[in-house]
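This document opens with one chain alone, in structure tokens, the form predicted on its own.
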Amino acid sequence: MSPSIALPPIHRETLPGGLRVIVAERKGIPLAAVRLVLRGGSSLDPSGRSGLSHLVALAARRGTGRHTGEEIDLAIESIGAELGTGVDEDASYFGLSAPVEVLPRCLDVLAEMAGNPTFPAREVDRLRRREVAALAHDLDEPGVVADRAMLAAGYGSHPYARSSEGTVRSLGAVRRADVAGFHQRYYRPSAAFLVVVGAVRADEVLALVRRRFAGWRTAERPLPPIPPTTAPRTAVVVVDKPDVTQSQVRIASEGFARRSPDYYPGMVASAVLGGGFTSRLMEAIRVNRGLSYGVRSRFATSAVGGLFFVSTFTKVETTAEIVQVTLDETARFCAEGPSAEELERTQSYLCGLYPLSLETHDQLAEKLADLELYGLDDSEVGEFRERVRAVTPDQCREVGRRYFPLERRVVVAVGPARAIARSLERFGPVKVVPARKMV
């Protein structure tokens, strides 16, 4: 039996404005990792403006009421800190890593970015043009195109169907007023939380945060609810890309939300099926048939739903064959479940890997941010290995039958439609879309 993982002392407090603060005192390297998280993320992007939340996060550091973007860059670099931003379907993130002695100055910057960004028009326009150019470049990345097509097909009309980075068309339509309006509506302390991990004293950090973020006050309004996801209709989407010699393939079905009780059985079942070099799909596709160098399966979990998906690639002429082999192996798994040897090997793999995901202050800050975002208890970390070890073969088989792509599923293939579309008709009604529609 794997021992429990002990977390460092964790202190939590909610400030009068509603900002939730989480501080983990972790001895060791004198660094501090900080995460400021705004709930909502790209699921709040309005129709026709996907990518807006992404642009808001980028533009927030390009000027505040007290400093220009250049001054913020200089301030961060001169103290040896790193500052980054990111957005996914459930949240916007600001991440900082810095020596503990400069933490007060870093919190100053974060408080300004969260509560008082000025969004200079010239900077917003520059960032928008830069991001649009990067999106156009994505057209040369068949794997990226396939991932985007899978989200669109797997989630349908749900907000999760939209890429967080947006598209050339949607992001190109964004103007500074959209950016400022999004910030005004959704950047509020009651929808945010701050995580600090490092060689710090919690009482000192909490006192700092109270002072630095005291001026961040907004009108109290709940975030709009995000509807639950639904299972996709069985279909095949061929993203026409005539210039490639390999097809990128995704097979997706409805998954579950992060808080689902199926999380641990799903994680283990997916890992047995396609989670590593000794998985069933790898054995069937690479070792036995030589159809591809790589294949993976996983559950992508979010606040109100998720997807299960398999991703792989193959020669254009073997596109239908790799889909058939994947579906056959998946059906066999759901009928038989994992063997005792497969289950033991997979559980040992997952349990052995997990502590490595908590090694650094940044990694622990990210883990604590996920727990807070999804309303999960600290025991998710401490008892991870016990919960993985507790999964049974019957649970794996059951979760596979419930979520793996046996019936309602989407097959996405990025490749030359003329060569692959007809061969994929046996997996469902085929729709052909040009690749440029995905970026």
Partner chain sequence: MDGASGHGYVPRRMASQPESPALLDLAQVRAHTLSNGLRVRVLPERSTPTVSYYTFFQVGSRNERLGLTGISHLFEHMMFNGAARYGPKEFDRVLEARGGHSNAYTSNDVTAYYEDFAAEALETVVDLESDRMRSLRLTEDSLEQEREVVKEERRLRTENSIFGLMEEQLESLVFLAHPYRWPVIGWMEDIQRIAREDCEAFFRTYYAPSNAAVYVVGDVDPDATLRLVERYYADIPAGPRPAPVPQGEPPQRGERRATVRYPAQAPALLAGWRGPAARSPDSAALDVLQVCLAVGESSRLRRRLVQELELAVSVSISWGWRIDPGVFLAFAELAPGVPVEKAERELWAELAKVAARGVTAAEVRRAKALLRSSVLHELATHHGVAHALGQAEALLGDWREAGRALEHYAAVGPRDVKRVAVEYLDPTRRSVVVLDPEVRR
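The structure displayed is predicted, hence computed values, not measured ones. Numbering follows the first chain given and starts at 1.
Below, we refer to the form predicted together with its partner chain, which is not included among the displayed structures.
In the predicted bound form, its partner chain lies within 4.5 Å of some heavy atom of Phe313. Contact annotation: Ser78 falls within 4.5 Å of its partner chain in the predicted bound form, judged by heavy atom distances. Under a 4.5 angstroms non-hydrogen atom cutoff, its partner chain in the predicted bound form lacks Asp394 among its neighbouring residues.
Taking the partner from the other structure, its partner chain in the predicted bound form has no heavy atom within 4.5 Å of any heavy atom of Arg402. Here is the short version: of Pro224, Gly86, Gly215, Gly276, the single residue with a heavy atom within 4.5 Å of its partner chain in the predicted bound form is Gly276. In summary, among the residues His137, Arg185, Arg169, Arg233, the only one with a non-hydrogen atom within 4.5 Å of its partner chain in the predicted bound form is His137. Only one segment in the set 69-77, 110-118, 302-310, 332-340 has residues whose heavy atoms sit within 4.5 Å of its partner chain in the predicted bound form; it is 69-77. With contact defined as any non-hydrogen atom lying within 4.5 angstroms of its partner chain in the predicted bound form, the contacting residues in 16-36 are Gly28, Ile29, Pro30, Leu31, given in sequence order.
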